[in-house]
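Here we start with a single chain on its own, the form predicted on its own, put down as structure tokens.
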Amino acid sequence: MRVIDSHTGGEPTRLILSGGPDLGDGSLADRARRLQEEHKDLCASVLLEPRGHDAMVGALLVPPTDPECVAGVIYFNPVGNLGMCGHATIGTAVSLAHIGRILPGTHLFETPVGRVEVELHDMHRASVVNVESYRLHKDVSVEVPRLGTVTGDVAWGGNWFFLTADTPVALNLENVVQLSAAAQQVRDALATAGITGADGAWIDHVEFTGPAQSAGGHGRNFVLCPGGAYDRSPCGTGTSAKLACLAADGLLTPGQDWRQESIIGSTYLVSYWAGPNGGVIPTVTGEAYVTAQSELVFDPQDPYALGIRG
């Protein structure tokens, strides 16, 4: 399996160029469903130890159904599919440019949640026009063991998020263990309370929000991803969900810039315009760097060929 690794704002992406499973024809959503149902071991085997680690996100290149798109991409983390992934889209664009498949300019990617526009500014910097994002619920309260009442918003940015300013400790890198544990407790409490996204969808991301720590920043976040790892980047879909909440509260106008910091201090520059269905269309700009090109080997005699799982 040929792969190319990159990081976007510190968050790694592993792009599968060839050697992935044959998912047949049909929409990207159908092929993503087949990946989840028929090749459930692939996600962990590609991303987890001994080949990777639980913070990695995978991107599987597949033929697009839309002739205007340069590629179809199915995103996944160690536990399964992701609808959309902002950092991995930037990483995919930079990786494809690195191997000469695309040049700087505007390109369309087909994803399971819709068509995404990417403007590759140079060999490292790209802007992603994300899917329409929106807030589903405002000021939802949930009782969390050892944390008490936690109040936040439920919003969609390509994945489902619970965004809250009720942070148990400061949003500093040295607090990632406490923040990760608290975010997991919040996610468990949401599930126990039956609080979901639209149509009963699992809220798989928890985002703690707070003030920026840099002079040019507007906000800072900590995002817990579905597999239990924290996002090293400011999280493209999480920042899109944040924009939807800011717009709904009248705190950010169309075209106004917002600089979002991650827990490690990396940043995205984002803005939005009004979406056709009452939400927002976010544009997320960040930088990615290629870190490796390699071939993954799956030896059937290897007892850990399918990844080390907790």
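Residue numbers run from 1 along the displayed sequence. Note that the coordinates shown come from a computational prediction; the quantities given were computed from them, not determined experimentally.
This next part talks about the form predicted together with ligand PYC, which is not shown.
- Though the partner is left out of this view, Glu207 does not reach within 4.5 Å of ligand PYC in the model of the complex, counting heavy atoms only.
- In the model of the complex, ligand PYC stays beyond 4.5 Å of every heavy atom belonging to Val94.
- In the model of the complex, ligand PYC sits within 4.5 Å of a heavy atom of Leu82.
- When ligand PYC is considered in the model of the complex, Cys225 lines it closely, a heavy atom lying within 4.5 Å.
- The listed set Ala244, Val270, Ala32, Val57 contains one residue whose heavy atoms approach ligand PYC in the model of the complex to within 4.5 Å, identified as Val57.
- For ligand PYC in the model of the complex, the listed stretch (105-113, 231-239, 164-172, 132-140) containing residues with heavy atoms inside 4.5 Å is 231-239.
- For the stretch 8-25, the set of residues having any non-hydrogen atom within 4.5 angstroms of ligand PYC in the model of the complex comprises only Glu11.
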